[in-house]
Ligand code: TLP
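Form predicted on its own, single chain, as structure tokens, below.
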């Protein structure tokens, strides 16, 4: 029996499964900074194996994971290329500038995908006046584009142009397992077109905390040192790593349920006149409720009245499906919302 979690605000609100709670309680632990935590070591081994990479690093969050990966690939004064609405650029507190002293060169994407010719145009030529370009950052799935999954063909095209110019590639793969499930491919097929990948355990995979960064052993070694610098060196971290093991080994396939529920939600909202503004591929539904004459306050009041958490802002909001929301819950929400509209 799944514990209900009727909260559309994000898939970061997921609660750990009973098995995860039990695993945390029983976890074997050691000092992770010294490399002695067996559960952390097991999580890192599994993450590297599943993604086809040499090594992995357990970090406290996706933001930290992206930060240490970007730092490991770059030098102060470098320029990095990012999609203009990417999470690293928009939502990570300017860390690339504060911590890395890096320049950001943004490229507008097409549903989150930077076309290779646009990446190539953004790469700096060797000139005494310009910062050197050293890294391309990809996001998959792309959050602000609507949870869109970049295909292996798109990933390869960007990888090829980056490697043509001897640039590193980092993937913000916070929801890369959502992408793999949506595309029907092994996650290795996406991960191979990035040198490093950051993967969140605490979103749709339902672990209570943490992310992993995977990549070449030498890059992960540098990232580990940056993790320590940023205060992320953990001690008996097996307690939080144990749910991550379950997340990666037992919670991936059920992401399809979230995708199916999101599509059901989108269809129902459309039928009642609420505009769905994104292509619903994964677990995100972006809506515009002004099409039924509502403002943010109306949406917030209505959803609260029927027992759901959702925060409207301006003309619309994002609804995320996740563990704790099942098909019958979507149907119940739609029925309740329809009554509020009447």
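Everything quoted here is computed from the prediction, not taken from an experiment. Positions refer to the first chain, counted from 1.
Keep in mind the form predicted together with the ligand is missing from the figure; the text below concerns it.
Put simply, residue 51 is far from the ligand in the predicted complex: not one heavy atom of it is within 4.5 Å. The closest non-hydrogen atom of residue 174 lies within 4.5 Å of the ligand in the predicted complex. The closest heavy atom approach of residue 198 to the ligand in the predicted complex falls within 4.5 Å. The ligand is not shown here, and in the predicted complex it never comes within 4.5 Å of any heavy atom of residue 332.
The listed set 317, 303, 281, 63 contains one residue whose heavy atoms approach the ligand in the predicted complex to within 4.5 Å, identified as 63. Distance criterion of 4.5 Å from any heavy atom to the ligand in the predicted complex singles out 143 from the list 143, 74, 154, 206. Considering the ligand in the predicted complex, the lone stretch of 185-193, 237-245, 252-260, 88-96 in range is 88-96 [heavy atom distance within 4.5 Å]. In the predicted complex, the ligand lies within 4.5 angstroms of a heavy atom of only one residue of 118-140, namely 139.
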